[in-house]
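Shown below, as structure tokens, is a lone chain in the form predicted on its own; questions about how it binds or moves come after it.
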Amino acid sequence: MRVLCAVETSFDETGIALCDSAGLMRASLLSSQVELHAPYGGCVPELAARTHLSDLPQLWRHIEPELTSQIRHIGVTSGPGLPGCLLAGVNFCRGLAAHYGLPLYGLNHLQGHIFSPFMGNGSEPGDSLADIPFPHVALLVSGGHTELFLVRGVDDIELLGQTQDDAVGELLDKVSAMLGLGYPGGARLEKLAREHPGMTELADYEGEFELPVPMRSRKYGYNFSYSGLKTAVRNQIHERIGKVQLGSNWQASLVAALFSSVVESLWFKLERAVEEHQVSLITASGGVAINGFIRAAFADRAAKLGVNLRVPHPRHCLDNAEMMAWLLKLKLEAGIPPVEFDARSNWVPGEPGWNE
């Protein structure tokens, strides 16, 4: 049995995953740093890198020697991400590759997210490369990224547009901090928004707040921007602090309006990409794609538009090594050979020379 090993250390999660040639996960280990960074309101890069250095060998020791003896290829996230975190994973895997005498692949973290909707649930295989519909449009929404891609193949990806400032997940974390809800903010804000009676599952909002839908005009192309929406929310918060009776539920209404605006801004670009590129499939992945409003609204609108929607299993939305092992599997199926690589903190698929 050929086993593939992948390591993920791009941000604040340390992951090691092993899958077989069918895509079934034989081992998956994860060490989360969320609680470690929570007191600081966000990820501290140097602390994250040092933690990866200590967590990687500890996780590796939990893998059965019989399983490690079956590894035939190793992959590691080499970008994008925090430089020190990437180097921790890359150097660890270079040591593994030298020790076992195995080929080493540098893997793109965003590319792993892009193909995560086609994974199985871990105990069941996902789609083979031949079963993945090309081309399709892929939306990636996370704490550090908001990008839209046209995907024609494993390494044939065109960047259609990206955020010009804040990413969607960054917006949610900052609004959560403004409201004193803590880090990370996505799940906390969703729970709060669901308390507003004028918010539907499909992100249709009725309430006192009017927030802008950023970059809606076609003149902005497929690019996104969320700094203005962040400012609009901050202004609303400042207007109401100290002026509202205790027990008022204006925060829930404001956050509901925020999610409604975010969903509309994302879907507008997706719908336009479907029409202009004549695709029959869209995907949404990344940490923010776990959001219930986004999933329900996109599913409803995709059905009305007559296109299919694929989203990852919720546990594959957040950073994880399983999606990187899956990406390595697809690269091997496509016959893509390993090449020399270094850690690249800014490495977005679709940019000129990204796959060289």
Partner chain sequence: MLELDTGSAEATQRLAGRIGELVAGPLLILLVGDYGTGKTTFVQGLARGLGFEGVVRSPSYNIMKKYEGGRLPLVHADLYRTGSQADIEELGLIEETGEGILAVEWPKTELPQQMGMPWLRIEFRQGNGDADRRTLLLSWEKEVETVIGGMLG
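Numbering follows the first chain given and starts at 1. The shown structure was predicted, so the numbers you read here are calculated from the model rather than taken from an experiment.
Although not depicted, the form predicted together with its partner chain is the subject of the following passage.
In the predicted bound form, no residue of the candidate spot (20, 109 and 327) has a heavy atom lying within 4.5 Å of its partner chain. Residues with any non-hydrogen atom within 4.5 angstroms of its partner chain in the predicted bound form fall in just one of 59 to 67, 311 to 319, 44 to 52, 24 to 32: 44 to 52.
Put simply, residue 91 is far from its partner chain in the predicted bound form: not one heavy atom of it is within 4.5 Å.
In the predicted bound form, its partner chain stays beyond 4.5 Å of every heavy atom belonging to residue 265.
Of the heavy atoms in residue 169, some are within 4.5 Å of its partner chain in the predicted bound form. Proximity of residue 235 to its partner chain in the predicted bound form: non-hydrogen atoms within 4.5 Å are present. A heavy atom within 4.5 Å of its partner chain in the predicted bound form is found for exactly one of 121, 217, 128, 231: 231. Interface residue among 177, 241, 187, 98, judged by heavy atoms within 4.5 Å of its partner chain in the predicted bound form: 177.
Shown without its partner, the chain has 346 as the single residue in segment 336 to 356 with a non-hydrogen atom within 4.5 angstroms of its partner chain in the predicted bound form.
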